[in-house]
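First, one chain by itself in structure tokens, the form predicted alone.
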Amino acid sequence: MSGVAIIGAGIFPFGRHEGVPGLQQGVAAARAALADAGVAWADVGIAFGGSSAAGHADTMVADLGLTGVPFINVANGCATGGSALAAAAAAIRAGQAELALAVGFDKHPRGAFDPMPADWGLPDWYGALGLMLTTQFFALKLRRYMELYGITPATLGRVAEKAFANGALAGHAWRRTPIDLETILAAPMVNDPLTKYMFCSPAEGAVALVLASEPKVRALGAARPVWLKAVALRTRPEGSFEVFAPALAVERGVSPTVLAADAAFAAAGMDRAEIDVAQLQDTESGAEIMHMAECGFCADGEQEAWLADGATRIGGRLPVNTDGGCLACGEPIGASGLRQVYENVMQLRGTAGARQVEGAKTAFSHVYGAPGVSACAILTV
């Protein structure tokens, strides 16, 4: 299999940017990634990008340049960025291009996400019960998990405490003020067991990555290539219980995250113990906890000890969400999965500043989106 590397990475900071359209945030991130790679837009052979609420990514060509490049719009919920990355890597490995761009951006209105049942193949009663408001679904799923595996509210709080501490060290994060555990646990309850500081917020921002084939990396003399050892994308199998699922199956199946993580590690020929830093989907505190097990880094229930011991903090045995994740950065749907990869690129280059994981050589990212789509990527230097 032909090697693929990330040679350029650009980000438009996450948060709120009055007067800056989401599309222009995407253009800014793309230009930053191209400059970082030392290539021109005209050199890019194919592009993939997506946005949920801020326009069609392919219209970026009006600003970047009308070169005739194939530009494919991607829409896969919160897994849009991971899907764009997977498609860009596949295009290079298939010989369609030597250079590819993966980009994601969004600009969501204030307030909770407001999906419509019919758009997701669901009956109206699902929305009438309030389950389209994903805070309720996540809380119900998490409460069941906590009862099964002995996860306590304090552990949920520790995830959020870590996120805000890490976000304070990341220039691209939205929430950059540390919040102590007591404040997090005592905050107003949104959906039991999750308080307001345990949820991410819809946000704005953009990320772009430039990918290159191995021969192109050599031809360019790229100084800091980060190798994409594997990327895997999976949808939900029979019996999995995912967001917008109208029922819990009697015969439970594994999640798409389990499938995607297993496929990524198999393709990379690596073990979980080899990973130095990980970015996991943390739509809310419980998601990070459940995904630690689904990605295979620990067994169900072991997260209680991991968080209590500080194992997932910077300096721990497996730092998780080193830039604060969705909790600190917010979630612009189109950009969120690529932000994880951007952060891993910074970590592997050794340019993450105060949040740097010392000696990081391998990194893992996992993004999850409705109605049960997961993408996992493994990077090395």
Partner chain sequence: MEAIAPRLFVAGPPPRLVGGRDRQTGRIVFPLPDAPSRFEPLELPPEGRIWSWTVQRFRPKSPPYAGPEAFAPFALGYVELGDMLIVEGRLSGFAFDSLRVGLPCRTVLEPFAGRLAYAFAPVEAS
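Positions refer to the first chain, counted from 1. As the structure is a prediction and not an experimental result, all values here were calculated from the model.
Quick note: we don't show the form predicted together with its partner chain, though the next part is all about it.
Stretch-level contact analysis of 297-305, 108-116, 76-84, 227-235 against its partner chain in the predicted complex, using heavy atoms and a 4.5 Å limit, identifies 108-116.
In terms of contact with its partner chain in the predicted complex, the residue from 219, 186, 128, 223 that brings a heavy atom within 4.5 Å is 128. Taking a 4.5 Å heavy atom cutoff to its partner chain in the predicted complex, the contact residue among 311, 245, 263, 72 is 245. Contact between residue 241 and its partner chain in the predicted complex is found at the 4.5 Å heavy atom cutoff.
Though the partner is left out of this view, residue 133 does reach within 4.5 Å of its partner chain in the predicted complex, counting heavy atoms only. Using a 4.5 Å cutoff between non-hydrogen atoms, residue 191 counts as a contact of its partner chain in the predicted complex. For the chain shown alone, residue 252 is a contact residue for its partner chain in the predicted complex, at least one non-hydrogen atom being within 4.5 angstroms. Looking at its partner chain in the predicted complex, residues 150, 196 and 200 place no heavy atom within 4.5 Å of it.
If you take 134-154 and check each residue for a heavy atom within 4.5 Å of its partner chain in the predicted complex, you get 135, 136, 139, 140, 143, 144, 147, in sequence order.
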